[in-house]
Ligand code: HEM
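Quick heads-up: it's one chain on its own, the form predicted alone, in structure tokens.
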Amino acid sequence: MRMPRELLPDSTLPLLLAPYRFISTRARAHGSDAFAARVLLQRTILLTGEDAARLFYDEERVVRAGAAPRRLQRTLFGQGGVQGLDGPAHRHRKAMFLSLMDDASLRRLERIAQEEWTAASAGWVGTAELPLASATRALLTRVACRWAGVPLPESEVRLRTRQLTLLFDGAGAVGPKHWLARLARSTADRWAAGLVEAVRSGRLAPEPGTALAVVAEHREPGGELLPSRVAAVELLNVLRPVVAVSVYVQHLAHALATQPQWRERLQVHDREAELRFVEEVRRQAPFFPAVAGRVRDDVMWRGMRLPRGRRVLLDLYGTDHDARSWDAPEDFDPDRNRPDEQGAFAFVPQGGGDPATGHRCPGEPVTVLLMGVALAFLARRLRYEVAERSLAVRMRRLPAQPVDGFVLRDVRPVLSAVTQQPA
């Protein structure tokens, strides 16, 4: 069976014009979950759907080493980090990140996040217009550094916030913003490497078990310490995703504004309802549209040949909106099946499969926790109006966000709030 193929000599422009819908739309047009195209002038296989995700996350058939476009390696991921590893080396490095996700560490993160939200939101009161994006980026930079054991003088908050933001917010941009993201990667790598070297020399003593301590002390399978430049990349792989949760916070606020029945329902603290709301936002929210891999050896899938070395792009957004896996996927419905009931390859906002052995993001518990803290403040502890323009979402942007970073107006505290879950 011959794999369907796009007729255009290169599909980069159509992909950029509709980054979240291109793969699933063209797959439906071809009547196939796999089709061939050229992207960035390179022959590529584009995949969508739960079965395709299962293929993509099978390390015997698809690997990640060398797959990400160089523009992402030089901004979003960094060079030498865990995202570019496979097999035993990947699992060994991944275990370092998983060690940061134990219950005690997550409880500490939750306490820090609540403290920073309390302090920051107090300063928002009386602001005529507050872009939630910029406000939460600074807040989450403080959270990330405190949790990771990274010293952050107040004089550096703005600089570090901008650097960490550009790593994810400028990675998919074209032109000057992308160049700024490359500069941010270079300067952030030097900053993080300096922190690692300070720990190793004894000039800095972070709390044991924090990311800075763990990364600085991590040893590879052969017993050697990570080179400081690689350790810097891995430290930023902890800090950057925490700040990137600011994108999900905007989509949380957007969902509360457009789903008034859920805003009313969440006035009462109900942990199960909150988790369902958070997970539905993660399913619906357009973050990054796709992820890249390479075919390890020739693969036959559904009668189609995927040749060795060919780059593949898995459609994350389209898989999370696939009608074969989700009833009425375009509807916002937190009461639908929870993702953990749906399967490890139908819900892939941060990758598919087992985070301990595969390339699913180990930081998903961090994302869910931080979104839960944000939801408590946005739904119950603050009152505000929403600028009408912010109800529109810019879908050509990477990652997609509401217009102007979701603007809040007339922010005020809730003097008394019902917080008990009903019996």
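Counting begins at 1, following the sequence as shown. Note that this is a predicted model, so its numbers are computed, not measured.
We do not show the form predicted together with ligand HEM, though everything after this point is about it.
Asks: Please run the contact check for W117 against ligand HEM in the predicted bound form: heavy atoms, 4.5 angstroms, yes or no?
Replies: Looking in the predicted bound form, residue contacts with ligand HEM do not include W117, since no heavy atom lies within 4.5 Å.
Asks: Is there a heavy atom of A67 no more than 4.5 Å from a heavy atom of ligand HEM in the predicted bound form?
Replies: Close contact is absent here: in the predicted bound form, A67 is far from ligand HEM, nothing within 4.5 Å, heavy atoms only.
Asks: Although the partner isn't part of this model, could you tell me whether C361 comes within 4.5 Å of ligand HEM in the predicted bound form, counting any heavy atom of the residue?
Replies: Output for C361 is yes: heavy atoms within 4.5 Å of ligand HEM.
Asks: Taking ligand HEM as it sits in the predicted bound form, is Q73 near enough to touch it, meaning that at least one heavy atom pair lies within 4.5 angstroms?
Replies: No, Q73 sits far enough from ligand HEM in the predicted bound form that none of its heavy atoms falls within 4.5 Å.
Asks: In the predicted bound form, does each residue in the set N237, V291 and V366 place a non-hydrogen atom within 4.5 angstroms of ligand HEM?
Replies: Looking in the predicted bound form, the three residues N237, V291 and V366 all sit within 4.5 Å of ligand HEM (heavy atoms).
Asks: Going by heavy atom distances of 4.5 angstroms or less, which of V242, A255, A135, V150 would be at the interface with ligand HEM in the predicted bound form?
Replies: Answer to the contact question: V242.
Asks: Of R311, R146, K94, R263, which residue is found within 4.5 angstroms of ligand HEM in the predicted bound form when only non-hydrogen atoms are counted?
Replies: Selected residue: K94.
Asks: Can you say which of 385-393, 57-65, 24-32, 372-380 gets within 4.5 Å of ligand HEM in the predicted bound form, counting heavy atoms only?
Replies: Checking each option against the 4.5 Å cut-off leaves 57-65.
Asks: Determine the residues of 297-320 with a heavy atom within 4.5 Å of ligand HEM in the predicted bound form and present them in sequence order; the list may be empty.
Replies: Only a single residue, L316, comes within 4.5 Å of the partner.
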